[in-house]
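Alright, two takes on the same chain below, each alone as structure tokens: structure 1 and structure 2.
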Structure 1
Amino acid sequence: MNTSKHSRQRDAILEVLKSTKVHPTADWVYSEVRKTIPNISLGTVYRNLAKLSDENIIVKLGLGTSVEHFDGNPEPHYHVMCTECGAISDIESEPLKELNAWAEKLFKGEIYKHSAIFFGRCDECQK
């Protein structure tokens, strides 16, 4: 059974994540959610982001940045980070699953997934 209880705060956090493409940090989510729930606490944001990603409703992107970024889209896909402005964009394609087989040939053990991050310059910064 699911011992979870519904909460307005969690709904609002998920709503914020689902309706943006910026792959925000916890702090960004916090400041957005405060527009509708002004006294929500930052701890609540962190706790729910953790809960939602444990349940695979959202994903915590381990991009190697000092601050964690989240994605409201749980479908596996790659990302590009602009090295100039830091913006994170989606690569609209499924991950290349053949890479796992490729890597497995070079590794003693089994491989079942991978993640990748591309670095470049977004069109905004190219202008």
Structure 2
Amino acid sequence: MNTSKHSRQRDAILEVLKSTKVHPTADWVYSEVRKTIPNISLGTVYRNLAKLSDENIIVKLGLGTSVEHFDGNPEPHYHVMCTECGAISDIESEPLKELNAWAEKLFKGEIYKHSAIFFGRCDECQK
């Protein structure tokens, strides 16, 4: 019975992440999942987010802030964060493979992937 509950909780967390483009925090995911599973704990959400990230099913975004954000899209892509309002958006582009080649020339080892986060001001904050 416990395995089923865990699976239902994990599935609900993953469904919430895949249904949004806002790159939410764990607290936001928790409040959304509670709408369908009212008795889920914040600790359960954190554990499942960590596990899903470790399994490369979701992406944990390191944005240089004290709060982690998560992305339900594990495919390689870039992000931009508004330094004024904190909004995080996807940049719709194929990953630039030439960056791997450039880095490999400067690194003694093998480069197999990269990530990039751009910082700027969104349209709304520029107004």
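So that the term is clear: the rigid core is the largest set of C-alpha atoms that superpose within 1.5 Å between two forms. Everything numeric in this text was worked out from a predicted model, so none of it was measured. Structure 1 provides the reference sequence; residues are numbered from 1 along it.
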Number assigned to the form predicted alone in this pair: 2
Large Cα shift (2 Å or above) at residue 22 between structures 1 and 2, core-fitted: no
Following rigid core superposition, Cα shift of residue 113 between structures 1 and 2 in Å: 3.0
